[in-house]
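Below, in structure tokens: the form predicted on its own, a single chain.
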Amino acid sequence: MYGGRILVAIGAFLAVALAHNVSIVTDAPLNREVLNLLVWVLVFSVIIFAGVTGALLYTIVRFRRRPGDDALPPQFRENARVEFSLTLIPLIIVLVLFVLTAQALVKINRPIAGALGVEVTARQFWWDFVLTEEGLRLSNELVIPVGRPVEVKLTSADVIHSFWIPSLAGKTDAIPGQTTYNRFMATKPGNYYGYCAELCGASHANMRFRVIALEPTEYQRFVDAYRAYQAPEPKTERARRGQEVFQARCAACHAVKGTAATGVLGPDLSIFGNRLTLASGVVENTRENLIRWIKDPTSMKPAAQMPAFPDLSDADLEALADYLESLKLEGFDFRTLPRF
């Protein structure tokens, strides 16, 4: 029964991974340490399995009942040597794994000089990122350079959340009023999937994020462009109408660099047109999804904090979508990156 369940679980995981074209980066520092530990665990598991199975088979064959042998076999009440061995061997195995695990944790959690600092605030149900050196704010999609360690400084604005990027980093809780740290490094460019790993409310499963890893030169180009970025003036009459709608209905919560919109209650929308996803990684960033999200966020994400705008006309929704899609850094298309 349990074997069947395990096979089903493995099959489901592989199916989801293939469906999303997602793979695990095995040369990321965290995964490399975990794989090294896994090798040791597997080696000890094979040794224990072989020893126990071998002893069981030997006992079955050596002491099996033979035809005509009705005598009671010799009875052993105790054997100090066997009992000592059965205590010492597991103790040695546990100590070896303890030392290896401690070494791996020290390597993973050791502060690294020159790491890229990122301040992360978890909220129900989205993520706020600030690149501390560059002074740039990103929401739900964090951009980092390949080959440079990243030190994440975590906290929460409401309840306990947990920061987790399976292909890059282990889980670290984000706790209100406290600061925790997570350290990782991307070894190849890509679009990495992140999740909240702590039950935090009705949309816990929808509290996702992305980490976009760029080659160092491309990352520096992104930083320079974002530093100099000012939201472009709308180029069409409909986009200008969208800007008016945004200022009237959205600017109190959202920020757009270079405009009067400086809200902090919701995600920063300065480069919304470059975003891959909406609603903290729930759906792809398409016009259809955007309009649906604006009209009724909770239909896509239960308990979403963003209010619905059912009173906006179709014309105003199209205009608002035009304006938001125009907020972008030209020359960057993160959709072409491999997904992990």
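Each residue number is its position in the shown sequence, starting from 1. For clarity, every value in this text was computed on a predicted model and none was experimentally measured.
Only in words, not in the display: the form predicted together with heme C, which the text now covers.
Shown here without its partner, the chain carries A174, A197 and A205, none of which come within 4.5 Å of heme C in the predicted complex through any heavy atom. When contacts are judged by a 4.5 Å heavy atom cut-off, F125 counts as touching heme C in the predicted complex.
Looking at R210, you'd find every heavy atom of it more than 4.5 angstroms from heme C in the predicted complex.
Taking the partner from elsewhere, C253 is found to have a heavy atom lying within 4.5 Å of heme C in the predicted complex.
When contacts are judged by a 4.5 Å heavy atom cut-off, A228 does not count as touching heme C in the predicted complex.
Of the listed positions (L265, V99, L105, I89), a single one reaches within 4.5 angstroms of heme C by any non-hydrogen atom in the predicted complex, namely L265. Just one listed stretch, out of 44-52, 305-313, 57-65, 31-39, contacts heme C in the predicted complex at the 4.5 Å heavy atom level, and that stretch is 305-313.
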